[in-house]
Structure formats: structure tokens, C-alpha cells
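The form predicted alone is given below as one chain in C-alpha cells.
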């Protein structure tokens, strides 16, 4: 049976076939256009055949038994935001392809989520003629996934927004803001627990307003940037390296001084009254030279018994890096403690790759700012 819909499809298919023939004649057998038009014609004829088979979804008035199962007799699906969400996710995927892999990945995940929700919503809307039952069927399927995922995303938004706020305000204001926020949460929670008859809509609206305000503040402060001290620290990368000079640096601030009793100390270096000497198990007296193992970690303990702050510097050779193009760079191998005051203790761990006789410069332990404070390191 040729229905109204199939007539249009057969007509378009016939016109496309004629266009393919004319293209073939006009372009002396050009294959690309002919193949494209031929495939389009086949697709149109195929869809037209399907429309003829299902008779455009119509049921004849004489087939009374098929009236109840016809498409026209089925309840239509309700409205939802999932088509808009799917289109938005598709746009994120397209933008992410040309801008950022992160946006592309988020768009893909969001697209799968929106398509899944859309399919389940359409299926549940046709479960019965009772909208309340259909909504219950949908909740049975998706709530075990929606609630934990939604809660995790909501918690992530709160944590990220709050972190942007705390990174933007000063160190002095941070504890105050944190205390006020905690007090407000405790107060609102106490009021809700006392007034058990509080409307869910009012509580939900209040929570929504707070979430929007927190997110907006987090986004605004994130765009404004972190506080000046953190920005400078990120640019200079204070903690990526430890300067071993005499002056105090960022890495020396609040440095830990405790050393475990199980540190397996290879040698203990002591600064006392301007004199630097070492002590090792199995050797008596004050040592001006120590022996360390090669290619194994060696823990060296530094004890400052001087009245001023000092640091210990362990120098164990130099390596030459080839930067290409005939350019090389000499890098001194050294490790050092933080500045420690009188009675302070710190340790450094070094792995010495080469024996001491293979280096032009001697291996040594020194204390910057103390003249003549040096201990020789011998590595067999």
C-alpha cells in the first residue's frame, strides 16, 4: 500500500536518481557526486518502503481490534529539560574539540547522562495512563544513580566554591569567615530541627539561595584570583627548590625539626662554638672527614648548638647536562637542611652517584656563614 508519506519519499528518491544520472552525464562519469546521490536515493526508497509497510502509523477504521494499540491511542510523553541538556552537552563537545580536552570529556559524560535520562523519561511516561505511577516507575530506575551522583556533584560545587573563597581572603580573615559559616550552618540546622513542621519548599528554597550565593561568590573570587602571597609563591615556585645560602627563604618557614629515632643515621654533624665536626658509630672523637656509601641513601643528621640560625649544606659533585646545539650546563649536586636555631635538629638524605675521586671538586659538608666550617666526604 502506497501511503501519503511514502509517496513523498518515493518522489524524492526518484528525483535523486534522475539527479545522479544527470550528474554522471554532465561530469563525464564523475564518481563522487554520483555515489553520494545514489546512496541518498537508496536511503529515500528504503525509508519509503518502511512508511508503506507501517502505513504511516495509521489504522483503518475497519480494523477495530488495532485501535487500542495504535500510536494515536497511546499517551504522549511529558515535557522535560533533557532535550535541552542533550543539545547543551553536544555544544560542549564541539567546543571542547577545538579548545580544551577537559571540556570535551565533561561534555561527553554530560551527553551520555542526558541521553540516558531522556530515554528513561520517555519510557516511563508510557508505562501506564497514571502519571503518578509513571513517575514512581522512573524513580525506581534512576534514583539509585541520580541521588549519589547528584550529591557528589553538589558537594564538589560547595567544596570548590568554599576553597576559592578561602584562597582569596587573607590569612587573618580566613578563620573568622570559617567560624561564621560554621555558626550559621549550626544555627539554621538547629532552627529546622526545632520547627519540625517547616515546609520542605521553604527549606529547599533557602538551601538553593545559599548554594547560588556560595557558587556565585566562588566564581567571582576565582576570576579575581588568589591572594597576592599565593600568586607570588606560585610564580616563583618557592617549594620546588630549596636554596642553600646563608639567608632565610620561604622553605625555611615553619620547617620541621623532629627526627625519628629509627632514621638510620650514617653520620651526625654538630656545630658548636663555630666549630663543625662529625660523629659516626664505631669511631671515637670528633671527625673532620667521614666516609659514605655510593649509590645508597645516606642520612646525615645536623645539630646546631650555636647561638644563631644555621643550615648544613652537603655538596657531592657536579653533573654536566647537554642542552643541545653544543650548549651544556653545569649543575652542582647539593642538599641542605632548613635554617634551624640553637638546639634544633634536622636531617638530609643524599644518594651519591660517583666516588669522590671521580670528581674534580671535593665532596664536603659546610655551614654557610661560618668560616672554616667544613667536613670532607670520602666515597669509595
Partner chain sequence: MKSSRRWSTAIKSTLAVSALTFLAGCAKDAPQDTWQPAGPNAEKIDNLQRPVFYVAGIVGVIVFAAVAWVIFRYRDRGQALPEQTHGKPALEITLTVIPVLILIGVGVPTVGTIFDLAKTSDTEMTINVTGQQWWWEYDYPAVGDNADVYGISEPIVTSGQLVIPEDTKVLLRVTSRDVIHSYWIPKLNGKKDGVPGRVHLLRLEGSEPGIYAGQCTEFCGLSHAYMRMETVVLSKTDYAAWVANQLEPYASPSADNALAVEGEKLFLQQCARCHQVNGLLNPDGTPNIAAPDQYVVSGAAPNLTNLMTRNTFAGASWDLLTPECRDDVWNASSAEFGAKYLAGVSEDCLNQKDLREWLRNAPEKKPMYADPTKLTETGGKYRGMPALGLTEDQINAIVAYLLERK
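Predicted model, so just to flag it, every value in this text is computed and none were measured. Numbering follows the first chain given and starts at 1.
What follows is about the form predicted together with its partner chain, which we do not show.
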### Task
Answer for residue 283 alone: is it within 4.5 Å of its partner chain in the model of the complex, judged on heavy atom distances?
yes
### Message
Using a 4.5 angstroms cut-off on non-hydrogen atoms, would residue 18 count as touching its partner chain in the model of the complex?
### Response
no
### Message
Would you classify residue 358 as touching its partner chain in the model of the complex, given a 4.5 Å non-hydrogen atom cut-off?
### Response
yes
### Query
Should residue 204 be classed as touching its partner chain in the model of the complex when contacts are defined as heavy atoms within 4.5 Å?
no
#### Entry: Candidate stretches 348-356, 308-316, 323-331, 42-50 - the one whose heavy atoms come within 4.5 Å of its partner chain in the model of the complex
348-356
### Task
Identify which of 297, 150, 225, 274 has a heavy atom within 4.5 Å of its partner chain in the model of the complex; exactly one of them does.
297
### Summary
its partner chain in the model of the complex has a heavy atom of only one listed residue within 4.5 Å, and of 303, 266, 92, 114 that residue is 266
